[in-house]
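Before any questions on how it binds or moves, here is one chain, the form predicted alone, in structure tokens.
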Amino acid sequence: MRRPIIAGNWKMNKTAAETKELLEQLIPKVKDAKSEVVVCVPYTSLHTASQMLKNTNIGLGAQNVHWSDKGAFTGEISASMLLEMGVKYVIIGHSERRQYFGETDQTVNKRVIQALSSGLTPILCVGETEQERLSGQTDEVNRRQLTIGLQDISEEDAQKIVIAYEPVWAIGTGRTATEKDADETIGKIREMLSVMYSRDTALKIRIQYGGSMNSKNAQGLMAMPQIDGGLIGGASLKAEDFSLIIKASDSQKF
């Protein structure tokens, strides 16, 4: 059985002081969670979060990582810098990185390779825009992003990756794919992974749904057989809401 993973993507929110306040509320609320719990905080909050999450069941994640060990890459952060802070997970290829900061399938692939080689667990984001969905390109887009994003990654390493299916049109909009649509698309992504690797590997890789999952719709989404968790945006910024999503995951998967 794939252990569900609920990861909060805080994006560009919360100062270090606000991070401390939120985690103080969150830690006791999720201490008995059966699902894997992760918070991906801004770089400036990593130290604070790392100290607070010691001896808890919450894993620490970052929101990006560079593909080089070091060098003239102003504003970027290396894997070794993240590891020094106690980071275990890293979001790669989020649609906002692709849309606003020129991330491509090729640079996503380089970052995934670097994360894996450094011992970080990549949360690889894939998903289509509304225009691509309306024109029937959902599968084509997801296949391209997976094929290039996972290029030169072994079957053994592929099993360590978490995939996050995030339809771009549902991120931060309050619109969510229906439970059936989300489950069906994730099922197709799993089929693509079967072709790329093997059925056994595809069945081991965890695939989250992201795109306005919240405390109200989490129960229905997490009841779907193909959905192995969520990459949560806005709802992860409130301890109560985030903990309710984790409880929904526990109730449906265990």
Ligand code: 13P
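Heads up: residue numbers just count along the shown sequence, starting at 1. All values reported here derive from a predicted model rather than from experimental measurement.
Beyond what is shown, the protein has a form predicted in complex with the ligand; the following relates to that form.
S.K.: Have a look at 85, 170, 77, 113 for me and say which one sits with a heavy atom within 4.5 Å of the ligand in the predicted complex.
M.R.: Exactly one residue meets the criterion: 170.
S.K.: Can you work out which of 105, 184, 132, 96 has a heavy atom no more than 4.5 Å from the ligand in the predicted complex?
M.R.: Exactly one residue meets the criterion: 96.
S.K.: Which single stretch, out of 188 to 196, 62 to 70, 211 to 219, 27 to 35, brings residue heavy atoms within 4.5 Å of the ligand in the predicted complex?
M.R.: Stretch with heavy atoms near the partner: 211 to 219.
S.K.: So, in the predicted complex, is residue 246 in contact with the ligand at a 4.5 angstroms heavy atom limit?
M.R.: Heavy-atom contact with the ligand at 4.5 Å: absent for residue 246.
S.K.: Determine whether any heavy atom of residue 11 comes within 4.5 Å of a heavy atom of the ligand in the predicted complex, and answer yes or no.
M.R.: Output for residue 11 is yes: heavy atoms within 4.5 Å of the ligand.
S.K.: Heavy atom within 4.5 Å of the ligand in the predicted complex: which residues of 212 to 243 meet that condition, in order?
M.R.: Counting only heavy atoms within 4.5 Å of the ligand in the predicted complex, the contacting residues of 212 to 243 are 212, 213, 231, 232, 233, 234.
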